[in-house]
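Okay, here we've got a single chain as structure tokens, the form predicted alone, with questions on binding and movement later.
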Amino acid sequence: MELISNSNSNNQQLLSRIATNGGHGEDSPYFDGWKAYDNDPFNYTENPKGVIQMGLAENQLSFDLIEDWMKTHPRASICTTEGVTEFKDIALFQDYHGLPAFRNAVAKFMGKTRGGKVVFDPDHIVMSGGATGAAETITFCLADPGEAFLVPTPYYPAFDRDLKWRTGIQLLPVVCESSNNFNITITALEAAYENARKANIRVKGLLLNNPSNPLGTVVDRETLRNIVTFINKNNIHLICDEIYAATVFSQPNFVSIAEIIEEENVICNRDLIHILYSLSKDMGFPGFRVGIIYSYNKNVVNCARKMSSFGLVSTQTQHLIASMLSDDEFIDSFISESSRRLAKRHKILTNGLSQLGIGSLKSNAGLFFWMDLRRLLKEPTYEAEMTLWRMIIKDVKLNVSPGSSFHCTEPGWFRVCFANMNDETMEVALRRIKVFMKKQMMRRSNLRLSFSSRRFEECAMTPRMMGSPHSPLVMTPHSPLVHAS
């Protein structure tokens, strides 16, 4: 044992602080749920009792549309007989600015996904290896180690990895509450900013995820205007992560920060505004690793392009994407149909849970919703939330993500992803939840019967016995029996 310990110690000393500091966050329940799925993945025929993956925000509902387009446009790929004539030009070295056709097509697509209300300049587009690479790159451009960004809670767990791990910056939570539907308030922003100032932490910006992951909601126009006022007043950056822009499937519509700063009555230093985008969610292409930084600050664009050398998008992918996104008829049809399918799946699943007595935050965007299981907690603590989460993973065999991994300040909320599975798998998931809820109701019923029985015994006690503060039957606000009933 001593030899093993010494060996581990020596290995630690041989590696860098980044390699050994655990900043990747793999020990989070968010990633632990994925591991549970990987170890026992559900398959309708081969492993019907396996874990169903409901912790991955992946959009598979419109893949058939993409496949059909690919079959009818073989020239889009340089790896087909029809497209091989362009193989040499695409395979040779390309400038890290990106293929002009690619940047033009992405700029046009970004405008479409925002309702055609704004026009994006291809010269302000920087490509990166996925949204992860884009988020880290913009962080490197804007902040030094020890400086901080404000982030409204609950927020995407991997932001802790993407923005902090290698850059050394901090993320400071802006607390949003369920009593206000987790909406962002200027009061909360100012409180977080003031707390950072008192702690001598320099705040360099605000990171806003809109539409929100994990809430599945959009930020309203008035709040966006207030946020622009806030960042201008304090001369800090605003990074808007808009990777779910085209997943909005019902009212209210998505409003991009790009639209807000175009308004006549909005005063804004545009050098402070930056947008993160990707094709991972809107088009369902996470494996293509197409991340985008769109900055109104030319110095940031220049710096980010140099940094993009470490995580470029392959020219083969750029060529294919440029061809697809330039097909206006297909893209218009895809966005419309994808929205319809997301709405349908969201309605089926949330209605199904509602019939079982499970509520969720009202949402209209994203590939997930924010499920409310607070009433199933034995007590309102993170420990109770983790106990319930382990039960869902182990007994129900569903990987849903606990709110604590999203830095939610209220235990009992869970993110449920609904677009990464077929209809049959979704039906299995609903059946499992139904069985689980029946068991929970039986448990709660038994607890109430037990409670009623004890109340009967109390009536037979003397007043002196009932009034004793040391009696085990005295109920407190935190008693498991109180919260179970």
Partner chain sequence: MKFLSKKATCNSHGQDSSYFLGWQEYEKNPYDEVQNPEGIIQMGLAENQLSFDLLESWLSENPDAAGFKKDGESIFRELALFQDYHGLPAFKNALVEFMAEIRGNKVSFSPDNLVLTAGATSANETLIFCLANPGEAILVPTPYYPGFDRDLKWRTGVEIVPIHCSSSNGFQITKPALEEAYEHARKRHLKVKGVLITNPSNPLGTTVTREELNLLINFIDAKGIHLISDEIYSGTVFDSPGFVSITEALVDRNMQNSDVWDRVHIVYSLSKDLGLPGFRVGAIYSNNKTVVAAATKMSSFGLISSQTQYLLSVMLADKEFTRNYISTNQKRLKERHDVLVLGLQDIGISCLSSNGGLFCWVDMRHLLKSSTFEAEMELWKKIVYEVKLNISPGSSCHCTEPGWFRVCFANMSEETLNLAMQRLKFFVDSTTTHRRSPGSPKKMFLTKWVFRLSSYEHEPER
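As the structure is a computational prediction, the values presented were derived from the model and not from experiment. Positions refer to the first chain, counted from 1.
Note that the form predicted together with the partner chain isn't included here; everything after this is about it.
>> Even though the partner isn't displayed, in the predicted bound form is residue 306 close enough to the partner chain, meaning a heavy atom within 4.5 Å?
In response: Yes, contact at 4.5 Å.
>> So, residue 288 and the partner chain: in the predicted bound form, are they within 4.5 Å at any heavy atom pair?
In response: It does: once the partner chain is placed as it appears in the predicted bound form, residue 288 has a heavy atom within 4.5 Å of it.
>> Contact with the partner chain in the predicted bound form for residue 382, defined as at least one heavy atom pair within 4.5 Å: yes or no?
In response: Outside the cut-off, so no.
>> Please determine whether residue 296 contacts the partner chain in the predicted bound form, using a 4.5 Å cut-off between heavy atoms.
In response: Looking in the predicted bound form, residue contacts with the partner chain do not include residue 296, since no heavy atom lies within 4.5 Å.
> 339, 183, 113, 77: which sits within 4.5 Å of the partner chain in the predicted bound form by any heavy atom?
Replying inline: After the contact test, the surviving option is 77.
> Looking at 178, 94, 326, 364, which has any heavy atom no more than 4.5 Å from the partner chain in the predicted bound form?
Replying inline: Checking each option against the partner chain in the predicted bound form, the one that comes within 4.5 Å is 94.
> Looking at the partner chain in the predicted bound form, do all three of 63, 237 and 312 come within 4.5 Å of it through at least one heavy atom?
Replying inline: Yes: each residue has a heavy atom within 4.5 Å of the partner.
> the partner chain isn't shown here, but in the predicted bound form, which of 355-363, 260-268, 198-206, 222-230 has heavy atoms within 4.5 Å of it?
Replying inline: Looking at the other structure, the answer is 198-206.
> Even though the chain is shown alone, can you say which residues of 315-348 have a heavy atom within 4.5 Å of the partner chain in the predicted bound form?
Replying inline: Residues within 4.5 Å: 315, 316, 317, 320.
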